[in-house]
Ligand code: NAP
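Only one chain comes next, encoded as structure tokens, the form predicted alone.
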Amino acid sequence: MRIGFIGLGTMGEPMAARLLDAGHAVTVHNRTRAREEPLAARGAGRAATPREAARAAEVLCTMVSDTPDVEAVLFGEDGAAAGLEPGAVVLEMSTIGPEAVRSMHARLAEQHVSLLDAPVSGGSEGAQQGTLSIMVGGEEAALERVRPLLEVLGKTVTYVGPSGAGQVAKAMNQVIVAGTYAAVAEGLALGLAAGIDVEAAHRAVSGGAAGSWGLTNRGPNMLRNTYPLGFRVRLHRKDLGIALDTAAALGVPLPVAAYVAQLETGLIKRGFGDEDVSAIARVVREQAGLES
């Protein structure tokens, strides 16, 4: 397939690379143009603008930071919408608000272009290994057309409903991640404060009912108090903002997510916004008196 791919950050670059390695004709664009060079060296085309990336693309993937970025990529000056042909499919894989997605969906439908909101979960490891979980909202017929592409990127591709539903599912995911990481941080802090062999205890609880992806993959970082990037604190805080706004509109209280949002806001103010989300443990360790 002819694919345009816009956004080559921590997640986007390995995703575009997997599509390229699978034999698709991929044209890439990134705001910081130098990020295109490694993929170009592997055979990707380069586009100077989003519009150019979309021209002749059967599928356009966008993986950028926030709603204004998606709006600019699609509908701004030299935006991709102006380059898309009728019948094309846009895979909006960023995490943005459900209402924004529905608005974009309606605008693109006027030019006979389908938009699927297809946010992902699984971190940079999942993007590199092709094991992401992809939650999709929009028309099922459009999903079936692009499913082979999504199966290159993800271990699970799940249709969750009409336009915007994918973003609601991603909001659910980020709320659960928030609570899980906070609970892992608190549990490990308890073991550290008690002075037990906490690495052995970590292995023990990982095999029981407390076992989770976060405990297995991020627990060791929390024990070392080092937080190499998997998914940035500042982006997770943005995602929690979407979840909290969505929940408020529906009258759903999210006290745990609100608490974690406060922790992340503090981390960002202290300069830790580009660390992995598991840096929540920094605050928990400090509150427990484990850091001088």
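Residue numbers here begin at 1 and follow the sequence given. Note that the structure is a prediction, hence the values are computed from the model and not measured.
Keep in mind that the form predicted together with the named molecule is missing from the display, and what follows is about it.
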From Val64, Ala243, Val233, Leu39: within 4.5 Å of the named molecule in the predicted complex by heavy atoms is Val64
Taking a heavy atom within 4.5 Å as contact, would all three of Arg35, Thr95 and Lys238 count as contacting the named molecule in the predicted complex? yes
Close approach of Gly9 to the named molecule in the predicted complex, 4.5 Å, heavy atom: yes
Can any non-hydrogen atom of Ala80 be found within 4.5 angstroms of the named molecule in the predicted complex? no
Please run the contact check for Gly123 against the named molecule in the predicted complex: heavy atoms, 4.5 angstroms, yes or no? yes
Verify the contact flag for Asp69: yes if a non-hydrogen atom of it lies within 4.5 Å of a non-hydrogen atom of the named molecule in the predicted complex, no if not. yes
Counting only non-hydrogen atoms, which stretch in 245-253, 261-269, 24-32, 51-59 is within 4.5 Å of the named molecule in the predicted complex? 24-32
